[in-house]
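Before any questions on how it binds or moves, here is one chain, the form predicted on its own, in C-alpha cells.
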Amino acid sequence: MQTLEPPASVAARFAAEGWGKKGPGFVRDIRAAGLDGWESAPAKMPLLPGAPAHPLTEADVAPFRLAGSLEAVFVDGRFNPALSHLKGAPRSLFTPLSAAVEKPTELLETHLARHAGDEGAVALNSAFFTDGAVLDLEPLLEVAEPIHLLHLSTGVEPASHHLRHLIVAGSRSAATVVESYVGLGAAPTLTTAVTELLAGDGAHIRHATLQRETLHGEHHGKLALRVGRGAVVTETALGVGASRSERTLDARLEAEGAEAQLDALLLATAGQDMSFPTFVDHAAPHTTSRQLVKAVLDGKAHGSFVGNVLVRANATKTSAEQTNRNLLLSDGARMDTTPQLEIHTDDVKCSHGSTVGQLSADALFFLRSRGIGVEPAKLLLTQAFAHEVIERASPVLRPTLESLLTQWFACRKVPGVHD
C-alpha cells in the first residue's frame, strides 16, 4: 500500500480534526480511550487519510446484494439510506450508529465499546469510527429475513473507513446477520471493522462475515461475542480479499448452556497475508464451543491461525473442540498454525488439532485417469476440502460461498490480478 500516514501522525490528526469532541460525553470517552490504546500499542499500522463517501449507483451495488434480505448499505464508511432495503423491518431493529449517538439510549451507553477491548485496530476504530449499525432484537423477536450489513469501499482515492456495529439480541430472540466488506476501486484503502454481539438467554443468532476487499486494501476486524444462558451463536467467516487482513474472533461463554460454533474459510494467493486469531473463554460450566478453521493458500500467500481456548476453574462439564486444517496449492505458500488449550479444571472434554498438507497425488491421478483436466481436478478436490465449512453455514449463504470459492480458484493465477 502507498500514501499511508506514518503512525506518529495519528494523534496529531485526532486533535486537528476534533475527534475528541465528536459525540456525547460517553462517545468522547470511547474515542479518548481508543487513542490512548493506540499510542500504548507495541506495534502500529499506518493510517490512510479520511475521505468523503463517493456516489454509487444501483448497478454498482446489485452484484453484492443478498436476495431476500433486510439490507443496510454503507459506502466509504457511511450509511446510505437510498441504497438500503429496510422496508418491513421490525420497529427499532436497525439504527445507524451515526444517528444513535445523537440520541443515545441506555442500551447504547451500556454496551458500545464495552466488550471488544482496546488493542491495535480496535483502538484505532474506537478513536475514529464514523458509522455502523445498532441492531436491537427485542426479547422473543424472530426475524425471518437475513439482515445484511453491506459495506462498499469505492477506492476512488486513498482512504480509511472505520465501522462499528453493536448487536444486542434479547432473550429467546433469533436472527441471521451477515456482514459483507467489498472493495471496488484501485486506490489503497484501510478498513477497520469492530462488531460487539451480545446474545441474551436462549437467543439463537447466526452471524457471518464475508471479507472481499481489493488487493489494494487492508482489512482489520474483530468480532466480540458474549453468549448468555442457553444461547447459541454460530459464526461463519470467509476471507478472500485484501493484501493484508486480520480477523480476530473473541467469544466468551458467560452462563450455563451457552454454545458457540465458529467456522472460517480463508482463501489467499500471490503475496496475500491473512491472519485469523481466535480466543474462546469458557467462563461457566456446561458450555460448548466448536471451532473449524480451514485455509487454502496458493502462490506465495501466507496464512496464520492462533487459536486459544480458556477453560476457567469453575467451568466443569465444558466441551471444546478446535480444528485447523490447511491446504497448500503451491510450494511457495506458507501456513503458521498454533492451537492452544488452557484448562483449569477437571471433568471436561477438550481437543485440538491442526494439519498442513497438499492435494493428494493419488486423488489427482484418479480424476485425471477419468478424463478430467488438471485444473478442474484441483478445483473438485479444493471444493471437497472446503465443503465442511460451507455446509455448516446458514443456508442463505451457501450459494454465495460456493460461488466465491469457484471465482477465487479461477482467478488465483490470472496475470496482473494476483501477481
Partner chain sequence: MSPNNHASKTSAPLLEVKDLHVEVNGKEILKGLSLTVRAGEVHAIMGPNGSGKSTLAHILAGRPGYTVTKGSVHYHGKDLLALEPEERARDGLFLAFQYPVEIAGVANTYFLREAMNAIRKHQGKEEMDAVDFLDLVKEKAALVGMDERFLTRGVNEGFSGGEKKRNEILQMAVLEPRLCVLDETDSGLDIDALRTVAEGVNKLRSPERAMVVVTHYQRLLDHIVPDFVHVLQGGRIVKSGDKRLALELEKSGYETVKA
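What you are looking at is a predicted structure, and each value in this text was computed from that prediction instead of being measured. Numbering follows the first chain given and starts at 1.
There is also a form predicted in complex with the partner chain; it is not shown, and the following applies to it.
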> Would Gln383 count as touching the partner chain in the model of the complex under a 4.5 Å heavy atom rule?
Replying inline: yes
> Is Ile30 close enough to the partner chain in the model of the complex to count, meaning some heavy atom within 4.5 Å?
Replying inline: no
> Does the 4.5 Å heavy atom contact test between Ala363 and the partner chain in the model of the complex come out positive?
Replying inline: yes
> Going by a heavy atom distance of 4.5 Å, is Gly373 a contact of the partner chain in the model of the complex?
Replying inline: yes
> Which residue, Val356, Leu56, Leu367, Ile390, has a heavy atom that falls within 4.5 Å of the partner chain in the model of the complex?
Replying inline: Leu367
> So which stretch, 62-70, 347-355, 22-30, 373-381, is the one near the partner chain in the model of the complex (non-hydrogen atoms, 4.5 Å)?
Replying inline: 373-381
